[in-house]
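One chain comes next, on its own, written as structure tokens: the form predicted on its own.
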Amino acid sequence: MKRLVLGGNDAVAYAVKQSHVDVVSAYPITPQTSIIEKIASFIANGEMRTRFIKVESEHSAMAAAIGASATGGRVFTATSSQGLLYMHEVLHWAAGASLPIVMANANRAVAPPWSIWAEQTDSLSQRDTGWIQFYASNSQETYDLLFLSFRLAERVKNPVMVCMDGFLVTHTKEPVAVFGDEIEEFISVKETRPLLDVEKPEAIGALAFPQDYMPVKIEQHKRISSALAEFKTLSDQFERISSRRYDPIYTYGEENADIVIVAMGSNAETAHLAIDLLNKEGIKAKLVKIVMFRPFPKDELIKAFEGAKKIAVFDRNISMGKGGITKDEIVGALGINNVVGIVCGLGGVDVTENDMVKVAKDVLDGKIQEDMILWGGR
């Protein structure tokens, strides 16, 4: 294992290179583009034996990925924001067909107005398409989660999306531990699955009557739900070769905290600093970082929130007319009423550790009892 200085996009490209991917189909979009450029350079230099399919749109990119995966290929694609929205229709088809496609999404704000900066509304608006969703908070996590995603997708026969905040993760350079040959035993495993036989064509996705449709969807729900347990099993294997552990959620700080900060993606990195500051002041605080958003880690969150007086959820996203998406999911799944949602960082607005400390104190003291929008700390 060696250390390289990589941004999140670079980390994705290196992980794809080492994952024996058969087909890459993608269309460039800021801030995802350098993933595809790096992979294309690896292929051009003979470092990857991978078919690169150039397409005219993100919709076509996912359609090509579906075809390649249906015939047995290990397939990767990447996109961002408007590109992910353009894929929306075929995301359902990929999940419904049980295809283990892996996609990296560079989280970027959704227009209008046009923005190229970080926000998670793009991927969270796809949470009901049937894709497993991970959220990485730094380049190392991005790199590692790609390997886990290929194995998990093939184990449960379901597509996986690895999300990372645009520029804040995709372009921020930091040391990343990169595997040598030690990853081979883990990533070379490929699960058997039903494949489309091109010599014997058949219809897929035919019209289903109500009595046939609902059982198919129930089975799809069971399949994606099984990913929680399977992810833990694969994480055990991954930890043995990397000494790095990944679980559906990650916690940091005081175990029996009075105030819990919940965050995903780059906000979680900032929250680490906020937790240290709060604990230094004698306020018992803990971070709960959600790594796996779909399937939703309900039981893990229940355990993590035990004993907390207040929970402050910092959402770099918004469901218009409702509020922060993560906060809403937590309240809906757990049925708890000590949660306050803070919508922040939309369109890449900075969220500092001091912002989080001030808000967390106000939530704990009861000065903030209703959801709020934090605009650049003002």
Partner chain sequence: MKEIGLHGRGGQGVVMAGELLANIYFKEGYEVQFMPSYGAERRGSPSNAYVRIDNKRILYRYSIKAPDEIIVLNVTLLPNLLLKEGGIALLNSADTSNLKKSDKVKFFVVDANRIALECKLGTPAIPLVNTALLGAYCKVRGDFSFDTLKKVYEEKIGKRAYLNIEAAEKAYESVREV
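Remember, predicted model here, so these are calculated numbers, not experimental data. Residue numbers count along the first chain shown, from 1.
Note that the form predicted together with its partner chain isn't included here; everything after this is about it.
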Exercise for review: Given that the partner is absent here, state which listed stretch (70 to 78, 203 to 211, 299 to 307, 114 to 122) has heavy atoms within 4.5 Å of its partner chain in the predicted complex.
Suggested key: 114 to 122
Check your understanding: in the predicted complex, does N158 have a heavy atom within 4.5 Å of its partner chain?
Key -> no
Review point. Does at least one non-hydrogen atom of L273 fall within 4.5 angstroms of its partner chain in the predicted complex?
Key: yes
Check your understanding: According to a 4.5 angstroms non-hydrogen atom cut-off, is D350 in contact with its partner chain in the predicted complex?
Key -> yes
Check your understanding: Any chance M264 has a heavy atom within 4.5 Å of its partner chain in the predicted complex?
Key -> no
Exercise for review: Taking 4.5 Å between heavy atoms as the contact cutoff, choose which of L84, A285, A104, V169 touches its partner chain in the predicted complex.
Suggested key: V169
Study note, to complete from the structure: Answer key, its partner chain contact in the predicted complex at 4.5 Å (heavy atoms) among Q133, S149, S137, T129: the residue is S137
Practice item. Within 4.5 Å of its partner chain in the predicted complex, which residues of 173 to 191 have a heavy atom? Give them in sequence order, or say none. Key: K173, E174, P175
